[in-house]
Ligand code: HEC
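Okay, here we've got a single chain as structure tokens, the form predicted alone, with questions on binding and movement later.
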């Protein structure tokens, strides 16, 4: 496959539980900070920052330069991390960059299960941005934006209150609860059917999906959908379903494109689900199609052409008709003995686990 789309390697998915590095206020450093702020969007799923930030999968990172490493008392750091951190440890640019490049190698046993930020320039920018945030979550005057509150990223750290002013009804047995508001129902009603029902309006190209995939997905699913470690493989595997160990990917096994769109929209990226816009999801879905040789690199997926797309393995899936079988019918007494005429035979065997009984059992 000719992957001619230019890839932008932005590998900042899981920035460390601590980031400390003092930088000056030069114009070049301001550029680093601005770039680091963009890269940090991929860290926000685990590490909140800004006014009102709280601990999540990782500790909040406000004022990490001032507080030192492993200094959030309410966060349960791994024993390996605590053992590596002296009470008064202060990180410099060299040691911190080494940790971010390969956390599990730098501190074996750390809970920072992330392959690392391989680009030195990206590590420098991320560190610069974190160093410019004070203990209250405000950007310091060393940036081009000056002092003041952190931007929309910080605002997103604040909890949202839905229907706060809606009066609690007095009806009902327990006199609690209320009818869901239309916007609350809409927030949950996001499933998409294979025929396109439920699709949001929008569009996205495979080209636009490259950067989104690289920044949000590649750390787990590999540069070209080939998987990292035990994370799922998303591309390839064509013509392997009859093999001893088939490669079940979007291009080889999945039946419907709506499954891809719905899952990305609902559950990805890991640790920061529902952070992608609808256009972003269209773009990522289009790019995954491209990685599986289903479309050209200039393909644009939208709510109009979505239902026309067919994945290669769709015809090998059949409708679920179990509700029509006798044992689903409540008026029919279920068979409890001698239900199958003749001798039972083994038609398929379980792989790897050896749980299929022998023929004579």
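Just so you know, these numbers come straight off a predicted model, no measurement behind them. Definition used throughout: the rigid core is the maximal C-alpha set that superposes within 1.5 Å between two forms. Residue numbers count along the first chain shown, from 1.
The form predicted in complex with the named molecule is left out here; the points below concern that form.
Undergrad: Within 4.5 Å, heavy atoms only: does residue 266 come near the named molecule in the predicted complex?
TA: Residue-level check for residue 266: no, no contact with the named molecule.
Undergrad: Does residue 270 make contact with the named molecule in the predicted complex, using a 4.5 Å heavy atom cut-off?
TA: It does: once the named molecule is placed as it appears in the predicted complex, residue 270 has a heavy atom within 4.5 Å of it.
Undergrad: Even though the named molecule is not shown here, does residue 33 get within 4.5 Å of it in the predicted complex, heavy atoms only?
TA: No, residue 33 is distant from the partner.
Undergrad: I'd like to know whether residue 126 contacts the named molecule in the predicted complex, with contact meaning heavy atoms within 4.5 angstroms.
TA: So residue 126 counts as contacting the named molecule.
Undergrad: Please pick out the stretch from 193-201, 179-187, 281-289, 237-245 that is in contact with the named molecule in the predicted complex, where contact means heavy atoms within 4.5 Å.
TA: Among the listed stretches, the partner-contacting one is 281-289.
Undergrad: Could you work out which of 252, 258, 205, 216 is the residue within 4.5 angstroms of the named molecule in the predicted complex, going by heavy atoms?
TA: Residue within 4.5 Å of the partner: 216.
Undergrad: Going by heavy atoms, what in 206-243 lies within 4.5 angstroms of the named molecule in the predicted complex?
TA: Sequence-ordered list: 216, 217, 220, 221, 231, 232, 233, 234.
Undergrad: I want to check residue 233: does it shift between the shown form and the other one by 2 Å or more at the Cα, with the core superposed?
TA: It does not, since the residue 233 C-alpha is displaced less than 2 Å between the shown form and the other one after the core fit.
Undergrad: Superposing on the rigid core, is the CA of residue 206 displaced by 2 Å or more between the shown form and the other one?
TA: No, its C-alpha moves less than 2 Å.
Undergrad: Could you check whether the CA atom of residue 191 moves 2 Å or more between the shown form and the other one, using the rigid core for the fit?
TA: Superposed on the core, residue 191 moves its C-alpha less than 2 Å between the shown form and the other one.
Undergrad: Just say closer or farther for the C-alpha distance from residue 230 to residue 98 in the predicted complex, relative to the shown form; it changes by 3 Å or more.
TA: Farther, not closer.
Undergrad: Answer with closer or farther for the CA-CA spacing of residue 101 and residue 221 in the predicted complex compared to the shown form; it moves by 3 Å or more.
TA: The answer is farther, because the C-alphas of residue 101 and residue 221 separate from each other in the predicted complex by 3 Å or more.
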